[in-house]
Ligand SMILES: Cc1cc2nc3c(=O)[nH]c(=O)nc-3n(C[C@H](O)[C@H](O)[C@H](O)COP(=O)(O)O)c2cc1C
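The chain below stands alone and is given as structure tokens, in the form predicted alone.
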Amino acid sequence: MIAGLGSRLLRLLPPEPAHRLAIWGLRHGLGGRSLVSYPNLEQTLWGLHFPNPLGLAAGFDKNAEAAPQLAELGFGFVEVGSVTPRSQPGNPQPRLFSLAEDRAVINRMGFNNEGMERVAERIGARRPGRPLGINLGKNRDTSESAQDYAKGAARLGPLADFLVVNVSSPNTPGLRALQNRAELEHIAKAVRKTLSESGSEVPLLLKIAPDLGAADLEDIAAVSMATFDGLIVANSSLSRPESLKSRHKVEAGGLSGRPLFGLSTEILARIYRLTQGRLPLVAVGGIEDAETAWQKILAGASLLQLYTAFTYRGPPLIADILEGLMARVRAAGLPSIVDAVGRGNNAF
């Protein structure tokens, strides 16, 4: 599935085994190395230096097996996970589907991961040289959700540059119900308390779904401005656009990739307005080239994340996007990409 890493062999395999092979190849240094400097793309957020705004989204390296190698491909930051306190197998296979005609993916993985202790061991042994985010989830059978997020924060907070509370995966029953105001406040309070007690008060971000109504977005914006340091917009979608062509479009799970660009960008722009541009936003959903990345910046994103397009095009996509962004910043007559954030928000 990672075309740039495994060429013909990966394309012959089913998506999940191909993904596993790609992670193995990265872990063994087969992905290459590119640490080119892009001066007008640098920025500092939450006291962290980001050499460029393009990161890798959670879900690709769930178990932090190849975080240092992924950073060396040229990403400005890497987010691993989602990680739950205890290991869990996730949903039955097959659970990952490539919609190649649509440049999309549907997954119903179900927070499959090796658990926070194993992830902590790997990160402790070798950290990436660029900012590292750890995406926190809850175990499927946990009734008190806030406790799971607090446990993850206690164990992984000291190892992270920022943490992400993921309440927006569509593949864990009841998870998206945690996006209501009361639940978010409860979770944020528990995690903040844990981080304070452990002395690792790292930035705390919230990852939301794209399938939210106006009232939900208003509540999320209000809670986030009071309790979170930033938002990731947005996770995969339960929607199915009529334009989808692949035979896999009927599969259950979250849709990501090209078809999600319009919806996720609209939600991004609305959140930027609701938070009055005061919270850093991380855009994910349908970014596949420099132009789609630039549109996210204009809509209000300070940082960007890849997933689906990276699985189709591989490491060369990173430099293509960054060089294109650098050219667009210059063409706009701006000193830095920071000056472009939200400049076109009213168009969305």
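In this text, residue numbers run from 1 along the sequence as written. Every value quoted in this text rests on a predicted model; they were computed, and no experiment measured them.
What follows is about the form predicted in complex with the named molecule, which we do not show.
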Answer key: of 172, 256, 84, 265, within 4.5 Å of the named molecule in the predicted bound form (heavy atoms) is 256
The unique member of 99, 132, 96, 73 whose heavy atoms fall within 4.5 Å of the named molecule in the predicted bound form: 96
Taking the named molecule as it sits in the predicted bound form, is residue 303 near enough to touch it, meaning that at least one heavy atom pair lies within 4.5 angstroms? no
Does the named molecule get within 4.5 angstroms of any non-hydrogen atom of residue 286 in the predicted bound form? yes
4.5 Å heavy atom contact, residue 38 and the named molecule in the predicted bound form: no
Can you check whether residue 308 is within 4.5 Å of the named molecule in the predicted bound form, heavy atom basis? yes
Mind telling me which stretch in 103-111, 181-189, 154-162, 219-227 gets its heavy atoms within 4.5 Å of the named molecule in the predicted bound form? 103-111
If you check in the predicted bound form, do 166, 234 and 260 all have a non-hydrogen atom within 4.5 Å of the named molecule? yes
Scan 311-325 and write down, in order along the chain, each residue with a heavy atom lying within 4.5 Å of the named molecule in the predicted bound form. none
